[in-house]
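Take a look at this single chain in structure tokens; it is the form predicted alone.
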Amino acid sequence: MAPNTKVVYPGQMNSTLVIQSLISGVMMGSVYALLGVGFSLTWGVMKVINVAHAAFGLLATFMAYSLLQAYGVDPVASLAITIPLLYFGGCILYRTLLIRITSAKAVIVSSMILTFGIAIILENGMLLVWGADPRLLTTSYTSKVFVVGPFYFQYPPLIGFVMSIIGVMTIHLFLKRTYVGKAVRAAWQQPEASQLCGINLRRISTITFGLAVATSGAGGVGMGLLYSFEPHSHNLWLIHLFLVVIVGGVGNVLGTALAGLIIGIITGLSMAFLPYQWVNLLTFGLLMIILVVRPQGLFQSEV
């Protein structure tokens, strides 16, 4: 044996693989959390299940792709354009369509049907504009990594992780520390009492929905940095949204973030040690167990 040869024992190799899988899972799960925060907010606060939430995120991803291809704008920098557009689009959508069903007795079912139609319209619009070919947000740092000991960190998942921390904490602090955020929570916990205190329920609802749609843009770009995407990719994203929100607790921002990390870790470890076709089986088997044991989610609602 050569004198400089490094011996790697099986136990050491396995522990390295486990830790590397945990790192990858945390990075991946954080992006799920960022995409799911707004979805959880409208569901928990307004009792509106926005089935088009992932489609709005995908729209932001395609917009980032176009800006990158045409003008070389970094996908993260493109959020300065897409987030305001999605916010105002969400406000207009609420004022023109959703406001008509929020007073309905079956608001959850009505919102699902209405936003499902919006998702179909968005999907076909993206299909018309960008075509059906898979795309990827390929940047100068897409293939870059930096190494710490035996572990490596890819730049795109790391950027998504940072975006998630900023996005989740921004929403959490907005709800807990700002006047408008406290008004959002009050308006939907005690709507009659809050109106007597001078809170404009229509205005607060518009802001909430616009903010939720805007956060989908950041989550969509994060997903686009990790995976290829096409006009119907929002359907798969939506499945993970339901998973994250149900596990984390409807309306719980920090719970959604923790659920995203948990699901990401489980997915990362599963992909390292199990055949790919078993990954979704294990993940959604977890969902079924949680629904049976604790249907309200792992964490209580914040709103």
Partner chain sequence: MLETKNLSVSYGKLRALSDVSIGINKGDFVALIGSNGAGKSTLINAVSGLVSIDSGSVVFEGATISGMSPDSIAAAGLIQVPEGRKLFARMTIEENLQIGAYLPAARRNYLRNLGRMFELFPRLKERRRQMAGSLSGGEQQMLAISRALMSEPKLLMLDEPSLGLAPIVTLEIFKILQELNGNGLTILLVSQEVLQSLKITRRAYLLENGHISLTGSSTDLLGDSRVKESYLGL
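In this text the structure is predicted, and so the values were computed from the model without any measurement. Positions refer to the first chain, counted from 1.
The discussion below concerns the form predicted in complex with its partner chain, not included here.
Residues placing heavy atoms within 4.5 Å of its partner chain in the predicted bound form fall in a single listed stretch, namely 199-207, out of 132-140, 161-169, 76-84, 199-207. With the partner omitted from this view, the residue of R100, K144, K176, K105 that lies near its partner chain in the predicted bound form is K176 [heavy atom within 4.5 Å].
Using a 4.5 angstroms limit between non-hydrogen atoms, A193 touches its partner chain in the predicted bound form.
Though the partner is left out of this view, K182 does reach within 4.5 Å of its partner chain in the predicted bound form, counting heavy atoms only. By the criterion of a heavy atom within 4.5 Å, I120 is excluded from the residues contacting its partner chain in the predicted bound form.
Proximity of M112 to its partner chain in the predicted bound form falls outside the 4.5 Å heavy atom cutoff.
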